[in-house]
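Here you'll find one protein chain in two forms, each presented separately as structure tokens under the names structure 1 and structure 2.
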Structure 1
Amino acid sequence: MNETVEEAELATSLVALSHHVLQLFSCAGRAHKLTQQQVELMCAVIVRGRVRMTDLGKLMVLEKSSLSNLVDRLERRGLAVRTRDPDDRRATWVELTSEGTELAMRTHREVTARLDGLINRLPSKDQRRLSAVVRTLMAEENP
């Protein structure tokens, strides 16, 4: 399939945006002595309440051992806990502690505030259109 110049530019722009968002996670984490992945994990959990380890691994695209090490480090800092699912002994849930929730909310606000700063450069009409397009792309990616 031949890609048009516009499609290539859009794909390149989306990659640049994704790198920028990862940099925002990294900057927000650095202020709290957290890695980019730790901030991503905490934000992923905070917006869902609690997450099964298997779902979290898929969401973050991490192997089981890497995810376990990441959650271990958050547990040692008192920011997260793992609990067994009483209905399925094979399943483990990850939840944030109250301290973890507070820190996740703070870092999530920091990241979204920086993104809002970027988005607010656009006219409202373009903001609404961008929001609709992103929702459509994400719905197609995560049926």
Structure 2
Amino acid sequence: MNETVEEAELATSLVALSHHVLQLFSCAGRAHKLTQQQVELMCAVIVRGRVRMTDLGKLMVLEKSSLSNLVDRLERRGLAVRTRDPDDRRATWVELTSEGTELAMRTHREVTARLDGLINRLPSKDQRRLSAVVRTLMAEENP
């Protein structure tokens, strides 16, 4: 009974935290006229160097057409480019232009800075615990 109440409370605050975390991407992008989705895509690409459309779609849980549109808009703004894979000519790699890379790095830094600001409210012992707990929660999610 008391268990249930705690469970519900944890659920509620987890949702609030999730919103807060993803809101950071919106905020970081706003100054550069980037949407949350654009920031997320660019961050996803920059930490990987280049990504294939299919993999990026799975990563971001998007239909291929949705992703295609997203990449279109970034390409039109000169922030990303597509290149054909010479070994499998069906496949397309997405990477950032130098302008896109610079913008992505700045935005990525802003996001992680705010995220670290959040994380650093916790003593490092709790940080390690949280890290382990979150890993447990996400384990076997993508088997």
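The structure presented is a predicted model; accordingly, all values stated were derived computationally and were not measured. If you superpose the two forms and keep the largest set of C-alpha atoms that fall within 1.5 Å, you have the rigid core. Numbers follow structure 1, counted from its first residue as 1.
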Next on the checklist: Pick the form predicted on its own out of these two and give me its number.
Outcome noted: 1
Checklist entry - Taking the rigid core as the frame, does residue 23 move its C-alpha by 2 Å or more between structure 1 and structure 2? => result no
Checklist entry - After the core is overlaid between structure 1 and structure 2, has the C-alpha of residue 119 moved by 2 angstroms or more? => result no
